[in-house]
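Here you get one chain, nothing else, as structure tokens; it is the form predicted alone.
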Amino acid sequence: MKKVIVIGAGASGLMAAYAAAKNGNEVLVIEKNEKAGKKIYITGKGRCNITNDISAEDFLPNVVSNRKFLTGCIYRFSPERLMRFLEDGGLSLKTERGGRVFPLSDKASDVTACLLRYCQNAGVIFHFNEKVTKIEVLDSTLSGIITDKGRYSPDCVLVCTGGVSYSATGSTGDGIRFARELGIQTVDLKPALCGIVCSAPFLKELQGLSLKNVRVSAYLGEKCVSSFFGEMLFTHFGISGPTVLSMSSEVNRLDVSKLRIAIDLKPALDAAALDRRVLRDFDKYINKKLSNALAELLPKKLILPIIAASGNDENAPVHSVTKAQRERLVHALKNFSLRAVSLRPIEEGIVTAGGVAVSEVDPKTMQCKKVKGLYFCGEALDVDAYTGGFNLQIAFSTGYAAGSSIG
């Protein structure tokens, strides 16, 4: 039996604590907040998108950073196994659009309660309102930890402190700081799954407009570096929504200020088919002004911006629009462009990209290669995925890998 301390009572920490205790170890969880699972409570807008109902094989393409590193632990503790684990613990689940899995109650608190029951039944002890300030290492071996309430000498420490997103939940990058202080390589932190600040005329007028079934692409020069189909939203700062959140995770290590965002408003139609569609509308509204002839094609808020982007006159009679002018209109519909300025602040990212370099960690056990007895799990690692329950699954899988490897 080993003495194990888990730092952090979030998703990875609770799973790691249970797995370590189940192996017969003496486990203490130290959490600086007043309760467990504080970030779990706000995920999925308070409903907690636990995982995605998908096979391990299909899960991995949804990982943005260091997919290969996660392969073993995702297969070992897959979404299917996590769902069965939670249901066996008394949590009823449901699967919604896109495979997103939620508690049947729509209460994130029920997820935390289920995990706590598992931990408590396995004999895990919790210390709340206690903050770890330092990890001590002697001769490349863990020797102790210091908190604001004392010193401990465990055999193993599992760092499950999260990233830096939503710092009000306690995610302030403590684990990444511990790694840096110990000379463990880390990767610069970036916001992931966040909105993109943009610059373009009419952005203020478009605020609040939600679009479905569009394709949003990011270009660096002439090269497309990211592209997603689905929903998006115009906001006070630029753009957000599912397509944009996923895009942010793919472009966050590029110079975002050099990106052009192109929105294809009619991706189901190629330029020729869209031109025919425009012509039909023009025939129907042949005596109207151009600005009054696009109501069946576009949301009202988008009509003037699209006409402006095409370089046409909104007051021109439809019957006077030339073929060249119509081609410009079709081009604007297929390539409505915004200039990216930056990503939203890292505190607003749903997850944090970057963290402890995976080259420093054993992918089977999550143990640090440089310090025996020290483990890193979840968002403290340089791993992240798209939206849809994938990041919480990574937290659970890495936590399970670490905890179950001890003892």
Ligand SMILES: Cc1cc2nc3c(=O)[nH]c(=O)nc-3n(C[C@H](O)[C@H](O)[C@H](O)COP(=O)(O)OP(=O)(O)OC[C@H]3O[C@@H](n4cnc5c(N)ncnc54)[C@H](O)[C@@H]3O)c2cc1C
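Just so it is clear, the model here is predicted, and its values are computed rather than measured. Quick note: we count residues from 1 along the sequence shown, nothing fancier.
Although it is not shown, the form predicted together with the named molecule is what the next lines describe.
Student: Closest heavy atom of residue 131 to the named molecule in the model of the complex, within 4.5 Å or not?
Tutor: Answer yes; at least one heavy atom of residue 131 falls within 4.5 Å of the named molecule in the model of the complex.
Student: Given that the partner is absent here, does residue 56 sit within 4.5 Å of the named molecule in the model of the complex, heavy atoms only?
Tutor: Although the named molecule is absent here, residue 56 would stay clear of it in the model of the complex, with no heavy atoms inside 4.5 Å.
Student: With the partner left out of view, is residue 367 within 4.5 angstroms of the named molecule in the model of the complex by any non-hydrogen atom?
Tutor: Answer no; every heavy atom of residue 367 is more than 4.5 Å from the named molecule in the model of the complex.
Student: Is residue 378 part of the interface with the named molecule in the model of the complex - any heavy atom within 4.5 Å?
Tutor: Taking the distances in the model of the complex, the answer for residue 378 is yes, it comes within 4.5 Å of the named molecule.
Student: Between the options 66, 33, 62, 342, which residue brings a heavy atom to within 4.5 Å of the named molecule in the model of the complex?
Tutor: It is 33 that has a heavy atom within 4.5 Å of the partner.
Student: Pick from 368 to 376, 353 to 361, 334 to 342, 40 to 48: which stretch has a heavy atom within 4.5 Å of the named molecule in the model of the complex?
Tutor: This holds for exactly one stretch, 40 to 48.
Student: Do any residues of 381 to 400 have a non-hydrogen atom within 4.5 angstroms of the named molecule in the model of the complex? If so, which ones, in sequence order?
Tutor: Contacting residues: 389, 390, 391, 392, 395.
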